[in-house]
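Just the one chain here, the form predicted on its own, laid out as structure tokens.
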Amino acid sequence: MLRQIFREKFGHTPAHIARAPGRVNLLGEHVDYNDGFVLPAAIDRATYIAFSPATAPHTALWSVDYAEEAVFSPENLPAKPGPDWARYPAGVMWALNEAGLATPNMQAVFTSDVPRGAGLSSSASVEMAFAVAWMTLGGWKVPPMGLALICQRAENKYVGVNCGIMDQFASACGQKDRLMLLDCRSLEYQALPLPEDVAIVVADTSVRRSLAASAYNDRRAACEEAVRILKEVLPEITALRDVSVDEFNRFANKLPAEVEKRARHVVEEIARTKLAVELLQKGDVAGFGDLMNDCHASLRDLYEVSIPELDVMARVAQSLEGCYGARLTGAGFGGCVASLVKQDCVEAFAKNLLTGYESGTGLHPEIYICEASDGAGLVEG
């Protein structure tokens, strides 16, 4: 389909096709900006881009999903040209140029089956797909984590979204049938086996995230305030990642009530993610699922980023046969619940989750049965 649309738009066959996946995070939520550990997987829903080098003095992109065109070149990037969706590929061009890397003009057609606004990193998958395309045409090489950092810079400094590194990391570095443990301080990572006979089921509440910048910024500020206060008794700390659960319990009464709740989620979530690694290595799927359930409760009660629809989805999922654990995934305030489900229960689980959520909310969800997939790269050419 993509090749055909490319031919219709540009009159010839594309030279290459690149793919970059979305991601789902199973543990480690709202800890990336606290130097914590995250445990995402790249998923088998992705952005695909068909592209060829262009002789014109500009890059021409056609978005299949928006049925719109954008045209830009390095010279007109400061104006942030075109429709909103074009800011992501334009930002990648800008960030690559800032890093001294060539971005030859291209003709490109792209589409994505990563749902937008659902907390599955659709924007990071677009960024990574275009980074791979320009690396292919430019003839330079950057390792996956390096590309992820460039794409994060594009989103932070060009698009203006102050995201952490997790989304681009998972899209760049994902491995088939593996969860990816990332240390957000050192950027060291390792692949951990996803237990056999387990599926990741992602259920979209159909409520689009209305993550107000103020709500996100308030939580970041609360974490920073907690560090500032706790440094008086723990002078060596630089982030909540440096505070153990025991230390936090000892000194929590020094914190204002709301700051204490936000910081407690982060400290305990980092501890959960560390414990999850041990459980995965032992093959203890049930124990891992319990940590996912605990994470949802913490995001709901302490970090307060859940909404009623997410709570209904998680509660229904947790009650169904074959579900090891379920929790909201992503920033919250809408989007998706991720569940770890026994493979032979998946079809019944998905059906019962859909009907249970519909009866509880009156809303129709989208449910995706996902596999952990490889990170961004060329699929043709």
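No experiment lies behind these values; they were computed from the predicted model shown. Residue positions are given as counts along the sequence shown, with the first one as 1.
If you look for the form predicted in complex with alpha-D-galactopyranose (GLA), you will not find it shown, but the lines that follow are about it.
The stretch in contact with alpha-D-galactopyranose (GLA) in the model of the complex, judged by heavy atoms within 4.5 Å, is 326 to 334, chosen from 349 to 357, 51 to 59, 326 to 334, 308 to 316. Of the candidates Ala199, Ala239, Leu230, Cys163, Cys163 is the one whose heavy atoms come within 4.5 Å of alpha-D-galactopyranose (GLA) in the model of the complex; the others do not. Exactly one listed residue, out of Phe72, Tyr216, Trp134, Tyr88, brings a non-hydrogen atom to within 4.5 Å of alpha-D-galactopyranose (GLA) in the model of the complex: Tyr216. When contacts are judged by a 4.5 Å heavy atom cut-off, Phe37 does not count as touching alpha-D-galactopyranose (GLA) in the model of the complex.
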